[in-house]
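First, one chain by itself in structure tokens, the form predicted alone.
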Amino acid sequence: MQKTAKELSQEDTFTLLSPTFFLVLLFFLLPVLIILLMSFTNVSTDTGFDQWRWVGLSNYVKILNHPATGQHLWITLKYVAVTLLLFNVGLGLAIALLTTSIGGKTGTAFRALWLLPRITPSVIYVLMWKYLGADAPYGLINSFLAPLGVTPQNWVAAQPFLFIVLVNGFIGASFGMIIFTSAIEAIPRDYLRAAMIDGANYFQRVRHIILPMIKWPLLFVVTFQTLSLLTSFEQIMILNDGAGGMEVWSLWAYHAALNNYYGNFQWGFGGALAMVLVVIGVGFCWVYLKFFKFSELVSQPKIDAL
């Protein structure tokens, strides 16, 4: 029986997407399923892999009753919100708007400088920040503040929240800058020229033309960077390992499951912490889809018939 063109097209699509689907299943969905199952067990270095047992929701009850749960959750949400709004989206969008308005080689060179935090190895990048905030006579910040009468101190230890936001923020700003710059450059120049002819100033063009036309990139950057901030802890671990009350949720899960002072790695409890983070991330995604009106973004354009 001869197949229709539509059926052939569906088969071709499935053939093309099947390798990607297999990789997503193998490296994303399957690990999530394994961690979910692990979160219902008491598996740890004490039990090994031969004496563990199912404990149901005990790990999740332990999280609810843990005295530090509220602190970990609050510092995580605060860190994500401040870093996302000020740097990953705010500063990234500001750089994109500034450099696209300048244009030419100057704008390109300025954007290239902002890529340095992202391409610099994490250890070197974080050590630079640690030396900037180090106590006298090494810290560069103290060199500037001491003549003003400010007492020299270790600023990383004194202001840990400020430094974890700065360290991660400059990395995230470069990502937003790249996406927003590409989106702004893709806007037809005729729209902006027409607005200029009508007398719209720069801020009016940004508000009424540029921002409405980059909703897709805004949704992508906000969602992706939120999930990235929720789950990443590399820079915080190198900077101060969560000292000063800066142990975000993902770092707490890492310490519980893979690296703690006592050497008792609680894989089941760490898996439960990770699954809570997954639920929080899904919740944020749902809020963003509603806020940006995702259904309207993917709907077919309406064409009025004459």
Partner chain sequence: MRNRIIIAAFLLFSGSTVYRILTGDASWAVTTRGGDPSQVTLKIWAGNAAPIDHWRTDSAVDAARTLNRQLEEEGSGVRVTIDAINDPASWGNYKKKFLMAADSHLAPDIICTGHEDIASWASAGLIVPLADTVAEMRAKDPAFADVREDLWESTMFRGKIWGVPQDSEARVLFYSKPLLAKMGWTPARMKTLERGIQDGSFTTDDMIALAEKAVASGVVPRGRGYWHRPTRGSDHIQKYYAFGGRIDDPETGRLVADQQSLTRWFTFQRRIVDAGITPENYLGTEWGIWHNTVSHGKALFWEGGIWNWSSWGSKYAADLGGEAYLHKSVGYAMPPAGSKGGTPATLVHPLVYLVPKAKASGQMQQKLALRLLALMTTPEINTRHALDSSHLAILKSQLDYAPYKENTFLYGISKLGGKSFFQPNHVRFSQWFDIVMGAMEEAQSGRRSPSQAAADAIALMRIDVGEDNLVFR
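Please read all numbers here as calculations on a predicted model, not as lab measurements. Basically, rigid core = biggest C-alpha set you can superpose within 1.5 Å across the two forms. Positions refer to the first chain, counted from 1.
There is another form of the same protein, the form predicted together with its partner chain; it is not shown, and what comes next is about it.
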Quiz item: Taking 4.5 angstroms as the cut-off for heavy atoms, does residue 137 touch its partner chain in the model of the complex?
Solution: yes
Exercise. With heavy atoms only and a cut-off of 4.5 Å, decide whether residue 25 touches its partner chain in the model of the complex.
Key: yes
Exercise. Please check if residue 254 has a heavy atom lying within 4.5 Å of any heavy atom of its partner chain in the model of the complex.
Key: yes
Quiz prompt | Contact of residue 204 with its partner chain in the model of the complex (heavy atom, 4.5 Å) | solution = no
Self-check item: in the model of the complex: members of 129-168 within 4.5 Å of its partner chain, any heavy atom
Solution: 130, 131, 134, 135, 136, 137, 138, 153, 154, 157, 158
Exercise. Align both forms on the core first, then report whether residue 48 has a C-alpha shift of 2 Å or more between this form and the one not shown.
Key: yes
